[in-house]
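Take a look at this single chain in structure tokens; it is the form predicted on its own.
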């Protein structure tokens, strides 16, 4: 109940920033148009690039805009608050709460992601699919599997950002690490280009990295690239990375909190 309440309060917190949400919807829509026209030019020259036809490629582009804030494809999100609390020393208050630190921030991030998906994700994708050809599925089961895949992608995104935030225990100012992590996430998640377009060993490796769980895998589930056992394998891939990264976060948290020093305490 405690963590459900944290998630609900996080959802309401982000819902209060209405002007910021409207600005985000506008920005996502504009960038969606830019990326969509770029994809049209690219797929006109190279039809079926990466195994996608043009409507699938455009649907991929708008799916990226819909998940941009929800899965934290630019990093940041609520983890900026955690980094600031570590830098200022307020993290000592969090550690004295009768709650698990990692689960607390995971619950808060799930609430944030739920609002960002509804508040900033649905409208840009609706606009994109109305203006451009799309390959959205008609099956309700596919949509449910897509939402499950998005939820797993959100957890993977949180786990990665939590690891980055914990580096502030040693660096104090984690802005540099966050910037590098954001650039890495944009490329390796498939935000710049679908990972399927990269050939050879490089393409194979980048598709096995955890960042692909945040956009490439959910988009492929939505587009019906996987079927039957393939969908189960894709979801298991995401769940596996989520478990590994959450365990790594818990281990790093245990190491980090041993060195917390509070002035006057």
Partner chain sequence: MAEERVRAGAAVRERAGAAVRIGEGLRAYGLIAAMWVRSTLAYRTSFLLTALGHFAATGLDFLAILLMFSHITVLGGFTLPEVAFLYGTSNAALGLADLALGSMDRLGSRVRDGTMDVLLVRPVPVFAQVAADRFALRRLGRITQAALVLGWSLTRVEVDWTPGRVLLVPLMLLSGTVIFGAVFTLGAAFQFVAQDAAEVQNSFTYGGSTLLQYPPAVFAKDLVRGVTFVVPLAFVNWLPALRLLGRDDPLGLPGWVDFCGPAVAALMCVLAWLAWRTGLRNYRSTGS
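Remember, predicted model here, so these are calculated numbers, not experimental data. Positions refer to the first chain, counted from 1.
Absent from the display: the form predicted together with the partner chain. The rest refers to it.
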For this session: Choose from 160-168, 98-106, 145-153, 173-181 the stretch whose residues reach within 4.5 Å of the partner chain in the predicted bound form, heavy atoms counted.
Result: 173-181
For this session: Determine whether any heavy atom of residue 208 comes within 4.5 Å of a heavy atom of the partner chain in the predicted bound form, and answer yes or no.
Result: no
For this session: Answer yes if any heavy atom of residue 34 is within 4.5 Å of a heavy atom of the partner chain in the predicted bound form; otherwise answer no.
Result: yes
Exercise. Just to confirm, residue 20 within 4.5 Å of the partner chain in the predicted bound form by heavy atoms?
Worked result: yes
For this session: Using the partner position in the predicted bound form, report whether residue 239 sits within 4.5 Å of the partner chain, counting heavy atoms only.
Result: no
For this session: Answer with one of 91, 123, 117, 186: the residue that has a non-hydrogen atom within 4.5 Å of the partner chain in the predicted bound form.
Result: 186
For this session: With the partner chain left out of view, choose which of 73, 86, 193, 110 has a non-hydrogen atom within 4.5 angstroms of it in the predicted bound form.
Result: 193
Exercise. Do all of 26, 30 and 49 end up near the partner chain in the predicted bound form, with near meaning a heavy atom within 4.5 Å?
Worked result: yes
